[in-house]
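Given next, in structure tokens, is a single chain: the form predicted on its own.
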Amino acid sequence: MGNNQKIGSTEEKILEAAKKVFIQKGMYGARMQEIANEAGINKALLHYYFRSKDQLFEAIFQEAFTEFIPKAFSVFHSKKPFEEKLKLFVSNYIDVLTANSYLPIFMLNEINQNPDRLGHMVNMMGIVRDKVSVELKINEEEGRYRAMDTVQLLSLVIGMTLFPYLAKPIIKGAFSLDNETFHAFLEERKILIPEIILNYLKIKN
């Protein structure tokens, strides 16, 4: 029991250290020795848990999206109305980014340096795009929604969700937001983002 707790604690320390170093240096600029130093362990112990930076990256990415990816799939495969699916998707996405504040910058670095690493994320978005396309088409044909390109819609949703995390220092500084008011600002976007999208889509009678 105690030994298992120790193993978990060491792995957690390594993952937290790797997040910090990857954000500062990027995947290619980071060194295993730097990660070991940040974690307060020797390099041999680091290699015992993770043989390479690739393994560390995968562990970090999987940790962050272990809950989000199944939720995203289940939301868009459910029989709920499209409006509800959109709200749930945005809410879940914001929750994941808030719980993993390092993730947006980390992903941005990887997209620029090595987009192939995010292949599973790209595949997920492709499946979501296909499901959303079908629902948009049905609502359009039934006269509820105006025509809208699915890529535009998903790009708007992702862009509006991600931007506050990428521009956090600017937003907090420009509008004098402390941590509490910034968190409230993010929570409000769970309501605003779907409203903005749906207000555009819905055909007013």
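Please read all numbers here as calculations on a predicted model, not as lab measurements. Position 1 is the first residue in the sequence shown; the rest follow in order. Just so we're on the same page, rigid core means the largest C-alpha set that superposes within 1.5 Å between forms.
Same protein, other form: the form predicted together with the DNA, not shown, and the subject of what follows.
- Site residues Y165, I171 and T181 are none of them in contact with the DNA in the predicted bound form, judged by any heavy atom within 4.5 Å.
- Listed residues I138, A44, A147, V151 were compared with the DNA in the predicted bound form; A44 is the one with a heavy atom within 4.5 Å.
- With the DNA left out of view, the stretch that reaches within 4.5 Å of it through heavy atoms in the predicted bound form is, among 171-179, 52-60, 155-163, 139-147, 52-60.
- In this overlay on the rigid core, V21 has a C-alpha that sits 2 Å or more away from its partner position between this form and the one not shown.
- Taking 2 Å as the criterion, A167 does not count as shifted between this form and the one not shown: its C-alpha moves by less than this amount when the rigid core is aligned.
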